[in-house]
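Shown here is one chain on its own, the form predicted alone, set out as structure tokens.
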């Protein structure tokens, strides 16, 4: 089936070739970083994690969100997701690969990756994060590929695939929970030192991932005429609404705890993000934009569900996706590291090479997702043709 990914008309070939440009630019910037070190980034003594780790955190949530179509389809026989579930699984595979690439470039020296494999430390959360991510990647790749192959051959999936499907459901929750534990167990970083990090991560994951999946389905319908089914998109839209409401509730309770308690160290991080602190206010417009988009997305999403308006649905899902990207892909890391345990404020801004390297990784993700979806659509066209 792999050969189907590279067969297409001129527009498809141009699409693939076009994304190779940012991949090449990102690779060139990474080689520059490799030769000059992480000093070319905006990170430093106080800000030890930056844009790379922020994107890793966000993309883990996108990967985990596959469970929102896998669980209803396989556990509850929700046939409305029949045309979407494989798309969600391949989206999870692509997201995990982008996660791994962001960690790879963040390590600086590629040989450091081997330290986790050659010298495992079960007492480290990072070790377990590697285990759950690679395991989740393997599970989704095997499940999606096997299911698609059976669909092409018009055969029933083998019996051994069902236990893997059931295992992938709690595993999806585990990958983002373990990622949250990377932060919430660190003393001295008060924005992260809270039990609400893990449930908030899951809430944003179950909003941003389905929102992206809906956008991809709408894009496929416009580009190639693939119909994911109105009822499936409608059910996913309800999932996004509930997840965003949960996310906004977690933001409220965390803000209440920080400001009502009056603990300065806990309050300073949120002050830095939403109002600025000691003259440092780079994140303020971004965080308010994220909050406004999150709030505005809900009535638009509910209206699109009620009226079946796909343009409004696309707008609402775009607002949800970019709101959560700003929140987790920018604010969470910057806010947690801005105020040091000594009380000093150190603002962080990614450099141009950092942004281009990350853009290159996202371009790799677009290419992989395009190839995966081309295989799926080719098989569907073959099996559904009279």
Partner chain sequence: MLKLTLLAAAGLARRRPLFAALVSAVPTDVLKPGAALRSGRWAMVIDLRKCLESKDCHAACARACHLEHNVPDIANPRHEVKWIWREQGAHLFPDQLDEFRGAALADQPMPALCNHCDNPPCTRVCPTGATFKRPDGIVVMDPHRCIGCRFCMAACPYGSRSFNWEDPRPSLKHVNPDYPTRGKGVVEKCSFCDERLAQGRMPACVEACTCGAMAFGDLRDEQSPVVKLLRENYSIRRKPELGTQPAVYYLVSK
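Positions refer to the first chain, counted from 1. Note that the coordinates shown come from a computational prediction; the quantities given were computed from them, not determined experimentally.
Just so it is clear, the following notes concern the form predicted together with the partner chain, a form of the same protein that is not shown.
- Between 356-364, 314-322, 44-52, 58-66, the stretch whose residues reach within 4.5 angstroms of the partner chain in the model of the complex through a non-hydrogen atom is 44-52.
- Put simply, residue 261 is far from the partner chain in the model of the complex: not one heavy atom of it is within 4.5 Å.
- Heavy atoms of residue 38 reach within 4.5 Å of the partner chain in the model of the complex, making it an interface residue.
- Taking the partner from elsewhere, residue 221 is found to have every heavy atom lying beyond 4.5 Å of the partner chain in the model of the complex.
- At a distance threshold of 4.5 angstroms between non-hydrogen atoms, residue 119 is in contact with the partner chain in the model of the complex.
- Using a 4.5 Å heavy atom cutoff, 106, 112 and 342 all lie near the partner chain in the model of the complex.
- Interface residue among 153, 124, 303, 257 relative to the partner chain in the model of the complex, by the heavy atom within 4.5 Å criterion: 124.
- Note on the partner interface in the model of the complex: the residue among 157, 229, 299, 188 having a heavy atom within 4.5 angstroms of the partner chain is 188.
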